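Take a look at this single chain, the form predicted alone, given in structure tokens.
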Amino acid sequence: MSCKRKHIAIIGAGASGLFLAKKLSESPDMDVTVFEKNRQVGAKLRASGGGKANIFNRDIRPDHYNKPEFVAELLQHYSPEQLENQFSEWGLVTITDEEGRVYPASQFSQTVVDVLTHYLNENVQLVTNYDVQHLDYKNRKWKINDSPTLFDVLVLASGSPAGMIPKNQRGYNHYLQDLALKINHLESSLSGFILKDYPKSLSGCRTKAVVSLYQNKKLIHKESGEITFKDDGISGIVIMNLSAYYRRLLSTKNCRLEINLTYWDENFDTDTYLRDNHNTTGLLHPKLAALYQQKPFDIHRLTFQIEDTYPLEGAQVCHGGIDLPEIEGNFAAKRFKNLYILGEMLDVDGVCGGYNLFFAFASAAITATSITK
């Protein structure tokens, strides 16, 4: 007796879409079609980790995300160890740096894309240059655009407009209008800050520092690492992480950055140093030393008021997205029993270091288990 084949459509060939297709390709009774708007698959995945693909972090904790309760539940079902084992089964060799960030041993993100796309079973079809504009749901079947093919299961994995130029942002994920899902406002996260009254003379300065995000008198978050001053603001991994915490505030009014430039010793005695040396030439980056010479500032607390984050085209991920009450814990939509929503499409975002890619892969793995059951 032959088993009835199940037809699966995946919109988006990014991290979660490709991972899910790879998992489902292991089931012989599944026919999978992946629709990708771009000419190539895995565009953001190839760009992640500075082109090295920081695929996850060994220290995945719920408080690294804006929705810790949801992630805590996810970690009960899928762990970083399970993800590592899965990639190992597929032949990907990984390495871990001192911060717990996990990369392909090749140090090349294309390796991850190749592992997810090479040697797919013939039951998986990748369709590129295909823009999904409309969805139709009738008699528990999904129709995409005007295609005659009907699908038993539809998976949304087309990500967000983070990192896109404004022209490409317009109309992105337009098809969601057909589903009437609640979508929380999309804002840039893991982004630099635009600062008020910013001295443009610092542009191009790169230094290490301890940076604290304050709202009024309350410390929101504090991190140490390298920062980069740009034409109109500040960036770097530390700053991008602070932007994630900034976006989690109910209101972003009255926020500021306090930068301690003596990162090696937060209590370094600058008074004695200045009394003995009369300037900051041997202490600070030349551009910071020149600024101090022009207008002295507190070296332990160089303060800037925040105007905003950089816009979406300068962000790594979006804060906002499809509201979590729209889905079950297995990423199935509550109002459509054969619809799943994955990864960055959801209102879940984490800090830098492999947390967002882990969520993308984990959501795909859990969804694969649900579909194959």
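In this text, residue numbers run from 1 along the sequence as written. In this text, all values refer to a predicted model and were calculated from it rather than measured experimentally.
There is another form of the same protein, the form predicted in complex with a small molecule; it is not shown, and what comes next is about it.
Work out which of 108, 90, 172, 297 lies within 4.5 Å of the small molecule in the predicted bound form, going by heavy atoms. None of the other options qualify; the answer is 172.
From the list 339, 327, 315, 32, which entry has a heavy atom within 4.5 Å of the small molecule in the predicted bound form? Looking at 339, 327, 315, 32 one by one, just 315 meets the 4.5 Å heavy-atom criterion.
Among 273-281, 210-218, 242-250, 127-135, mark the stretch whose residues have heavy atoms within 4.5 Å of the small molecule in the predicted bound form. It is the stretch 127-135.
Check residue 27 for me: does it contact the small molecule in the predicted bound form (non-hydrogen atoms, 4.5 angstroms)? Taking the distances in the predicted bound form, the answer for residue 27 is no, it never comes within 4.5 Å of the small molecule.
According to a 4.5 angstroms non-hydrogen atom cut-off, is residue 11 in contact with the small molecule in the predicted bound form? Output for residue 11 is yes: heavy atoms within 4.5 Å of the small molecule.
Touches the small molecule in the predicted bound form: residue 188 (any heavy atom, 4.5 Å): Answer no; every heavy atom of residue 188 is more than 4.5 Å from the small molecule in the predicted bound form.
With the partner left out here, check for me: in the predicted bound form, does some heavy atom of residue 58 sit within 4.5 Å of the small molecule? Residue 58 lies outside the contact set for the small molecule.
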